[in-house]
Structures are given as structure tokens and as C-alpha cells.
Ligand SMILES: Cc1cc2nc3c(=O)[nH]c(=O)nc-3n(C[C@H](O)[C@H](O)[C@H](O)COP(=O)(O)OP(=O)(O)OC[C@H]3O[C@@H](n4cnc5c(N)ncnc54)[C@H](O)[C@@H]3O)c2cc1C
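Form predicted alone, single chain, as C-alpha cells, below.
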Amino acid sequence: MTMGAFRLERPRSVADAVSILAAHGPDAMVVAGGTDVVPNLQMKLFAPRVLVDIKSLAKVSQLAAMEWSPENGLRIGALATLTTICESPLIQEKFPVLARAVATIAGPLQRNMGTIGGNLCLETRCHWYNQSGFWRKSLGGCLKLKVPDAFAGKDGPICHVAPGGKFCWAAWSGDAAPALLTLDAELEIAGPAGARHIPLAQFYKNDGMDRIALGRDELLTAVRVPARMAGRRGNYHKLRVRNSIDYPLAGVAVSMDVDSRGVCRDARLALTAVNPAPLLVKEAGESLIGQAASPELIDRVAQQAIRTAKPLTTSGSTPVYRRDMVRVFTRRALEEAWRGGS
């Protein structure tokens, strides 16, 4: 489990980091908390020649700051730790779906090191991909390998999840993204041409290999949540093999705005770990707005969630079971949101 040779760069500013990334292109990789990147390097999934360590930028920029105002909403710097977010009284009060989702990520040690930016830029995961080089060599690699496999010596020719096609079905397995999707979040991204903003829903490409809309010369700097999303009821339910640490096998996030009569004024529902991207269930909001809670309505939305979810073969569970848990979690999250609890 040793890493290959690389040169370590520690930029002194965001502009410096962008310049380094632009200069080295596909040979460079960003590391912040390292909870995902370092294990991937140890597994020889990547072989960057330059590793750009941006953790120190938290001390010289706003990349770790968390700011809130009723006018401008919430801004979380990309280097804010997951522990800082889930333990924040502000997040717990105004954005409970985010606090609860982030609190399920890995274990306390990983949350202390991991950052919100890193969690939003996770690699997609697959039972055939996230293995040792020796294990991958026995299968001839897979489509997802972007660099020549250090052991097999070539990229794999097929997707082992769906051998009949040329599409990579590696699953998006982050927990923060679905919660932020229900909050209509957007991202700040720094690049050679300056800063740009992109809705989080457009950041993910639903492709196991080409997963996010982030250039090789760009750096995610912050996530923003509009003020109108503050105070919404919300929850997150997660299926995993070990509740103490594992990535999700399925996850459902719900946020709702409910009036005093129990009528839904607005709602958003998002899924994770059952597609190559975290996805909003678009029909759910249309079905819920203007409605009061009823078993029939909740069952209908749960069926809409199942139609959006496309889990394929993975370790730890079957696609049938994961779809069924999406249904169960959707029902639970909606019932809890209407009750106003968790």
C-alpha cells in the first residue's frame, strides 16, 4: 500500500494553486483532507506527478470560513471540515438536512480531516475498481481507470458492472451532495479566467468516469446555499454495511417547507449511491407542492424515487434490496418532515 513517486506543491494562495494546476494539467492532483485521495493513491488508482496540497490555504484565505446572513444566505469554504459543519449550531438549526447528512460520513477521525470540498469531489466507487492492483490485474482492469494501471499495464476494456456496454456505472457515493441538492446549492470555482458559479445540480455529469464539471486547471473554493432555504425541515437516511464508517449503498435526502396547516409549500428529494451521480427526483417536488400528508401521496413519491434510482451490482447488497431501501427511506424521510422531527 505504498504511493508512487510525486512532487509535492504547497501553493500560497488560490491563484497560486490554479497556476500550478494549469501548468501541469492531467499530471496534477489536488489533496486537501486526504481521506479519499491518499487511499486511492495507495491503491495505485492514480499516478500523479504533482500533488497539490491546498490544506494550508485555510490559514491564508476564506477557504475554511463559514458565513451566514439573511441577505446572502450561507457560504461554506471548500476547506471547512466535515466536523465543523455537522457540529455547527447554525447548520443544525437552519439546514438540518445538511447537518444530518454530513454527520453520517465515515467516522469522527475522517470527519475531522475531511473537507466539504473534497466530499463534493469524491471519486465514484465500484466493487471492481476500488481494489488493490493485484485484484484489478486478475480482471484486466476496468473502464474507469484514467491512467494506465500500474500492475495491468493498460486500461481495462469493459465495465464489469454492465459488461455489455462501454459506459462506466461506478456509483457516486458521497453524502453531502444529496443534502445540498435539496437546498438548491451552487458552487464557487476558481480558474485561470477568474471565478465562476455553477448550480450543484449541473456539477455532476452522471458518468462514472467523467464525473464532475471541474477543469484540470480549476479549484472548488466554496459552496453557497440561498437564504430562502434556511429553516426548512429535512432529514437524510443512509444504507451501509457498517454504520460506523462505510460509504452509502443508498441514501435519501429530503428538505421541505411546510405551512402551519401541514401543507407542503416546497420540497426537494435527492438520492445518492444508486447512480453515477447524486440526483434530484424532479417529480417529487411537483407531486408534493400544495399537498398535505397522506399514505397514498408518500407511496407515490417513493415510487418516483425508485424509478430514478438505478443501482447495479455491488458488494454488500443486491440492486433489488437497495431499490427497496430507497423506497423505505423516502417514506421515512417524508413522514418525519411532515411531523417536523427527525
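Counting begins at 1, following the sequence as shown. Computed from a predicted structure; not experimentally measured.
FYI, the form predicted in complex with this ligand isn't displayed, but the following is about it.
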Partner proximity in the predicted bound form: Thr35 to this ligand, non-hydrogen atom cutoff 4.5 Å: yes
In the predicted bound form, Gly174 touching this ligand (heavy atom, 4.5 Å): yes
Proximity of Ser255 to this ligand in the predicted bound form, heavy atoms at 4.5 Å: no
Exercise: Gly208 in contact with this ligand in the predicted bound form, heavy atom 4.5 Å: no
Segment that reaches this ligand in the predicted bound form - one of 216-224, 160-168, 192-200, 259-267, heavy atoms within 4.5 Å: 216-224
Sole residue of Gly118, Gly141, Pro96, Gly73 within 4.5 Å of this ligand in the predicted bound form, by heavy atom: Gly118
Contact assignment for this ligand in the predicted bound form, among Met29, Leu312, Leu297, Met43, heavy atom within 4.5 Å: Met29
Residues in 233-260 with any heavy atom within 4.5 Å of this ligand in the predicted bound form: Lys238, Arg240, Ile245, Asp246, Tyr247, Pro248
